[in-house]
Structure formats: C-alpha cells, structure tokens
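A single chain comes next, written as structure tokens; it is the form predicted on its own.
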C-alpha cells in the first residue's frame, strides 16, 4: 500500500515540482559546501592548485590557523563576535522603538517609514563608501561636526585606529540593519489584537506592563526571527567591512568572512581560506538549528 502511494501519479507529479528546487540546491549550495569541506583537508595553494591530485593533510590547516603567531585567529573570532553583538543590540532596540512608533498612524508616518527603509535598499558597497567618507580624517562629516562643536581639537583618525575603526564599521552596519528590524517587528505588532490592549487598560495595566507582559510574549516568534536572521546576516558581513577598512588596521576589524577572502585571494592559500569559511559555516549552522528548535517548541505550545 505504501509503495503504491509513493509511486502514484499525484506523488510523481509532486516529485516533478520538487526536483528543480532539489537540483538547484545541490548544484549551488550542496556541491560548493562539499567541495569547500574537502578543500580544507587538502594542501591547495598557488603552487599546487593545478595539480590533478592534491595532498590530503587532514586537520593540519585548522591547526595552523589557530597556531599562528600573535593569536590572530582568536582575535578574528572575537572581532566577529563584537561586531555582531554590537550591531544587533543597537539595531534591535532602535528597530523595536521605531516599530512601536510607526504602529500608531500619524501624519507623514508612511513617508518617514519609506525614507528610513532606503538605508536598507541601498547596495552595501555604496553604504560602505558613504561611511568611509563620513569617517574620513580630513573633510569627514563626523570630524567636521565635532570640530565645529568644540568637542575635539584635532581630527580623529576613525578608520586608522583599532577601537575607532570597529566603532565606525559597527555604526555603518547599524544604519543598514535598523530598517530590517523595524519592518519585521512592525509586521509582528500588527498581529496583536487591539482588544487585548483594551482589556489590559481596563485591568489597570500601564504602558510598560503592556509592552513586557502582552506585546513581547505575543510577538516572540517575530522577535526570535529578527534576532536569528540579524545574527546570520551580521556574522557573515563581508562587503561593508572590506570597502571601509579591508580588515585593518592590523586586523582590528578583520572578520571571519574577510579573513577567508584574504587567505584565499590575497595570500592564495585556498585550503586555509576554506577552513575559515567552514568555521563560519559551523557557527551559523548551530544558530540555525537553535532557531529551528525554538520555533518548533513555540508551535507545540
């Protein structure tokens, strides 16, 4: 009975519709992942790239990454974590506040919301160039304003100092991510019935109580989606940082994504570049599994 259902006309038709998606995922997602994993276990560089058979070295590439002088790899991982958490924290708080604001209809709300979304629609490379000029030493908007207000006496070298360069790239990424957070949270807020707030008002609940006891619990799936997607998108950011600082100065803004690119296409050590990319993939894969389990638990409840 089961075998007849599997090979029924309806099942075969369903397989035909699914097959193109499966082929697409295998060719453009599955094959690159498998090839990248195999590449990280081989010795592939500019000298051995054209050899038909590459030397298998096991976990040697991963060991060399973490044993380099100066503890570069732990520093890069820490940079990635700081960049991700710093960006998401501000993006989420400001995006949530804007979503609460635009939930209430007022004159010009649609126009203002549309203007805010432009920051998310602009290509990331353009945003990187824009903020590179904003944080420029001479003629940069930030320095010009601080000098005009008397806050500083001489221009700050934002992109040339370790701490300030990280602040600059985080600021640029926050500007991009706020509209994304606002849109998703605002969508979740529209699903909360107004009758719930009316009942809470009758019971004497104030604004803060409504926010933390009604709004946040009822839009928890939307908030989890925002945080998870924000983590994934931010953790793998490449183009913004590469345009602004290229990971400098002295690895101060080097992230896993930029380091993987540097190892592969600047130093032509393709195996170690693949190893860094695999580390990035493992972290995001774990976050994805964590998010899936939380969503499944919410659906069961």
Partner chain sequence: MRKVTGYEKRKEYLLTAGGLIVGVIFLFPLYWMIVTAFKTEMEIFQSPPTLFPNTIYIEAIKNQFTSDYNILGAFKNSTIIAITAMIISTCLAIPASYGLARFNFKGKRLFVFLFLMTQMLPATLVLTPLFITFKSIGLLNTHWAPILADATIGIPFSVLILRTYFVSIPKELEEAAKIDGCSQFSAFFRIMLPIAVPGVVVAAVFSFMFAWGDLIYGLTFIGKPDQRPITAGIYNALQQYSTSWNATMAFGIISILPVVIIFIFMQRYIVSGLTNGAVKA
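Residue numbers count along the first chain shown, from 1. Whichever C-alpha set is largest while still superposing within 1.5 Å between the two forms counts as the rigid core. Small disclaimer: the values here were computed from a predicted structure and weren't measured.
Heads up, the form predicted in complex with its partner chain isn't pictured, but that's what we're talking about next.
Practice task
Answer with yes or no whether residue 230 is in contact with its partner chain in the predicted complex, where contact means some heavy atom within 4.5 Å.
Solution key: Judged by the heavy-atom cut-off of 4.5 Å, residue 230 is well away from its partner chain in the predicted complex.
Problem - Residue contact check: residue 197 to its partner chain in the predicted complex, 4.5 Å heavy atom - result: Residue 197: no contact with its partner chain in the predicted complex.
Exercise for the section: Please check if residue 29 has a heavy atom lying within 4.5 Å of any heavy atom of its partner chain in the predicted complex. Expected result: Taking the distances in the predicted complex, the answer for residue 29 is yes, it comes within 4.5 Å of its partner chain.
Handout entry: Partner proximity in the predicted complex: residue 178 to its partner chain, non-hydrogen atom cutoff 4.5 Å
Key = Yes, residue 178 sits close enough to its partner chain in the predicted complex that at least one of its heavy atoms falls within 4.5 Å.
Exercise for the section: Can you check 68-76, 208-216, 102-110, 161-169 and let me know which stretch has heavy atoms within 4.5 Å of its partner chain in the predicted complex? Expected result: It is 102-110 that comes within 4.5 Å of the partner.
Problem - Site test, 118, 131 and 264 vs its partner chain in the predicted complex, non-hydrogen atom cutoff 4.5 Å - result: Checking in the predicted complex: 118, 131 and 264 are all within 4.5 Å of its partner chain.
Practice task
Please pick, from 146, 224, 90, 184, the one residue with any non-hydrogen atom lying within 4.5 angstroms of its partner chain in the predicted complex.
Solution key: Going through each option in turn, the one that passes is 184.
Exercise for the section: Determine the residues of 241-266 with a heavy atom within 4.5 Å of its partner chain in the predicted complex and present them in sequence order; the list may be empty. Expected result: Read in sequence order, the residues that approach its partner chain (within 4.5 Å, in the predicted complex) are 242, 243, 246, 257, 260, 261, 264, 265.
Handout entry: residue 281 C-alpha relocation of at least 2 Å between this form and the one not shown, rigid core basis
Key = No, the C-alpha position differs by under 2 Å between this form and the one not shown.
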